[in-house]
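Next up: a single chain in structure tokens, the form predicted alone.
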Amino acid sequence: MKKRRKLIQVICALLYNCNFTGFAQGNIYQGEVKGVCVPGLNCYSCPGAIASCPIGSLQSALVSSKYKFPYYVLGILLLFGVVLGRVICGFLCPFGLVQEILYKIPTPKMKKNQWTRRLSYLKYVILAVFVIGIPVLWAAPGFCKYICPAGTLEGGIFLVAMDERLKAMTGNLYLWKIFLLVVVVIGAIFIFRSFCRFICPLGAFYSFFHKVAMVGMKVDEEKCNHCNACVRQCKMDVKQVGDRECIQCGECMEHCRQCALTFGKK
């Protein structure tokens, strides 16, 4: 399961960003597919990106919501949530893959505890304030503008490095975004998927569908002896398999001696 998941993550990252000429030319792809949202967090401004980020699209739609209701973006997000939920976090998000690679760097690791569980609620605040509140009240893409480290890594740094005009326009906001990216990168080295657990508003949104998503982890209650090995071994802040913090990665199956856990259609 682990090797299969890694392969799917790599394939998704390449498919989302298969405009390879964009990296050479330092420009953003503007083809017809760009209007389509991918399921995972992947910056619109990444030179390789052939489609749009759902969080960026939602903010843009909310900014203009006083003129028209964002049916498409909300509809596609609801579809992703109902069908896959946080399976998207575990399998289809390139920034999740980046964090998992960083976590492999050999250093002392911080294990989950009561503080990481409390911090996991922060991403809901970010979803409410920066993704919904600021776009609606102040007509600005709050999360993309002030926080998103994926955008800085995938788009901001590369485009600024390739374009002297953009380099001349950088200021305190750009330095702030670089600082946040450094914090997130360092955090991901010591804390498993720290951005996903504490900051990511897309994961927060998909977590609302953990009970209704059509695909994910299933527990056979007849086989389960409630030893809790699955929860203890999980690096996420789960209280039980399949809850709102579960990214449906399936790695808990390796630790279940009762073979009570399966992944697939619920």
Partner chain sequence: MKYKKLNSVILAMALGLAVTGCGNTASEQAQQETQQESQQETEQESSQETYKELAAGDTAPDFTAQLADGSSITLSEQTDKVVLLNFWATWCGPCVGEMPAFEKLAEEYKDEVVVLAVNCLEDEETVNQFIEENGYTFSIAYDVDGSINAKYPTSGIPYTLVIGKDGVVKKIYLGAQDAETQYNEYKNALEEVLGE
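Residue numbers count along the first chain shown, from 1. Treat the numbers as computed from the prediction; the structure is a model and nothing was measured.
Missing here is the form predicted in complex with the partner chain; even so, the following discussion is about that form.
- The three marked residues, F69, I76 and R165, each reach the partner chain in the predicted complex, with a heavy atom inside 4.5 Å.
- Listed stretches are 227-235, 208-216, 47-55, 194-202; the contact stretch with the partner chain in the predicted complex is 208-216, by a heavy atom cutoff of 4.5 Å.
- Under a 4.5 angstroms non-hydrogen atom cutoff, the partner chain in the predicted complex lacks Q240 among its neighbouring residues.
- Among residues of the shown chain, A139 is one whose heavy atoms approach the partner chain to within 4.5 Å in the predicted complex.
- Taking the partner from the other structure, the partner chain in the predicted complex has no heavy atom within 4.5 Å of any heavy atom of A161.
- The partner chain is not shown here, and in the predicted complex it never comes within 4.5 Å of any heavy atom of L180.
- When the partner chain is considered in the predicted complex, only one residue from A128, V83, I157, L119 comes within 4.5 Å through any heavy atom, namely V83.
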